[in-house]
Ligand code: GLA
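Take a look at this single chain, the form predicted alone, given in structure tokens.
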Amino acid sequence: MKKNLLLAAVCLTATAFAQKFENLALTPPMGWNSWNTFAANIDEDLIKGTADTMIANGMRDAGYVYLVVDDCWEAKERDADGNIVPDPVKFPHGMKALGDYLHAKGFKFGIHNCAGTETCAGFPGGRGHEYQDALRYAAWGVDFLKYDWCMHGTADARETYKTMRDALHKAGRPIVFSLCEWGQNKPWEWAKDVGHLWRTTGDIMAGYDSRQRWESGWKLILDQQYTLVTSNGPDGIGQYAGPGHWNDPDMLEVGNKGLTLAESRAHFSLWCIIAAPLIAGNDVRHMSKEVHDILTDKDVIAIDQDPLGKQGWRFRAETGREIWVRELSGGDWAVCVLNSGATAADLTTDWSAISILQREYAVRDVWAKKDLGTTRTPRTDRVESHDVMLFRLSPVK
């Protein structure tokens, strides 16, 4: 009898821990991450300065609330008790003080580590220290953990990430858990009950269709999402995404050197179509008004953050043009027409040829903030190379 009561108590405790995590990330997380621009060149002042800028320029209020300190924040060795500790030069006041600063400014505090023995940059990883590290993160006030996959050896991804999940639950602080496993083990099939978002591909880089080592430009990343869709049946990996659990095609390169303004706008639009987390990766302290306006456009963000939580997909691809669609709440649809060609082109959208549209809709140009009549009439738009037209369709009453 005592054994059964103890087992019941353990199960109830585990359930109580898990329940703290169930209502996190009901829409794709939004925030900023240090890696794409700064890599190892991070410190306390950079993170604080970024936070202050994001308040002043309206990014925080637009929804970018998770500030994630990526790799290279750690000291080279754990302390004598095996605790992970920050680099004392880069973060002289410690990570709890940084978390307190961010919380006081209305942000949530994110941090990076790795499921292997070392991080990708060679700092102490979490393998074998999961429960110890989870307690540390909770004590620091961490709200978001990006957990990478370097130096994992022969470890089983599913079991390894479950171990960290259990450690976070046991630590008791609700933390959004981001599985940065690069899609190598089809996390969309098993990660819904492990984390809140999971990477579907290798790393993104600031380019359209460029590639180097394990990094790809955003269009190649987007194409991989489509490849994954076709290889996983008619619903593709989108069937695994929804409130509280998201496919993650990696962070945004909007505004970074290597992209034209048109490519940044298209990149942002299509990440919103596929319900991707919106984690900015540029230097927000020094960006143009045009880049700022892309990142903070409330109508485009509303597509990404739509509460229905359905992931969009590529409806059609043909030479020089792609059509991407997403079902939204209230019977609305988002339609994104991409000029995938190398030059500007006149692209015609014949609404009657988009078979999912079964009725008449009012059409709004989301970027231009213009109403364009209804889907009764096809339209032709001049679209720059690698740019998009983004439409929101609402049922005509």
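The first residue of the sequence shown is number 1, and the count goes up from there. Here the structure is a predicted model, which means the values were calculated and not measured.
Beyond what is shown, the protein has a form predicted in complex with the ligand; the following relates to that form.
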### the ligand in the predicted complex reached by all of Ala115, Glu130 and Leu168, non-hydrogen atom within 4.5 Å
no
### Query
Of these, 89 to 97, 270 to 278, 116 to 124, 184 to 192, which stretch puts a heavy atom within 4.5 angstroms of the ligand in the predicted complex?
116 to 124
#### Entry: Glu253: touches the ligand in the predicted complex, heavy atom cutoff 4.5 angstroms
no
### Message
I'd like to check something about Asp203: if you look in the predicted complex, is any of its heavy atoms closer than or equal to 4.5 Å to a heavy atom of the ligand?
### Response
yes
### Query
So in the predicted complex, does any heavy atom of Asp71 sit within 4.5 Å of the ligand?
yes
### Task
Answer for Leu222 alone: is it within 4.5 Å of the ligand in the predicted complex, judged on heavy atom distances?
no
### Query
So which of His196, Arg199, Arg265, Arg326 gets a non-hydrogen atom within 4.5 Å of the ligand in the predicted complex?
Arg199
### Summary
In this chain shown alone, the residue from Tyr64, Trp35, Trp333, Trp351 with a heavy atom within 4.5 Å of the ligand in the predicted complex is Trp35
### Query
Can you tell me which residues in 140 to 163 come within 4.5 angstroms of the ligand in the predicted complex, by heavy atoms?
Lys146, Asp148
